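One chain comes next, on its own, written as structure tokens: the form predicted alone.
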């Protein structure tokens, strides 16, 4: 895995979590600019998914097993879009809380991906 990409995804996910957490604290639902932030984080997660697939295709293997690595890659890619979709159905402050929680989950998944790969 690319360490810089892993850090970039985790940091942007935590920034999104803080941003949506502040919106929830202010009793605001997710707004259009939050969805732009989710798109940025999702594009980074997609880049990481593609890098992971390319590395597996080149014959590199994670230390803790390929199946769990692929599962975590897919989960990391899906965490923020799933939270964003749920926030569309909940147009109160809880939609912002949902996105903040999904972004924190993504940051934790990034740490775990780093460990699974063996760095």
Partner chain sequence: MSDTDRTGAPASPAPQTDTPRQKQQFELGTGPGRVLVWFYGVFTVAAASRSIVQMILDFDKAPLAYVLSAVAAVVYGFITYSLVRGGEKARRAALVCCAVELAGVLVVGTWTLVKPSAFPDATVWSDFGVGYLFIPVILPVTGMIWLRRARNA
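Please read all numbers here as calculations on a predicted model, not as lab measurements. Positions refer to the first chain, counted from 1.
Just so you know, the form predicted in complex with the partner chain exists too; it's not on screen, but the next bit is about it.
* To do: May I ask you to check whether residue 111 falls inside a 4.5 Å heavy atom distance of the partner chain in the predicted bound form?
  => Result no; residue 111 lies far from the partner chain in the predicted bound form.
* Spell out, yes or no, whether the shortest heavy atom distance between residue 46 and the partner chain in the predicted bound form is within 4.5 Å. => It does not: once the partner chain is placed as it appears in the predicted bound form, residue 46 has no heavy atom within 4.5 Å of it.
* Does the 4.5 Å heavy atom contact test between residue 90 and the partner chain in the predicted bound form come out positive? -> Looking in the predicted bound form, residue contacts with the partner chain include residue 90, since a heavy atom lies within 4.5 Å.
* Would residue 38 count as touching the partner chain in the predicted bound form under a 4.5 Å heavy atom rule? -> Residue 38 lies outside the contact set for the partner chain.
* Identify, from the list 70, 86, 56, 50, the residue with a heavy atom within 4.5 Å of the partner chain in the predicted bound form. => Selected option: 86.
* Quick one: in the predicted bound form, does every one of 14, 18 and 22 get a heavy atom within 4.5 Å of the partner chain? -> None of them does, since no heavy atom lies within 4.5 Å of the partner.
* Asked: in the predicted bound form, which residues of 101-118 put a heavy atom within 4.5 Å of the partner chain?
  -> Stretch hits, in order: 101, 102, 105, 108.
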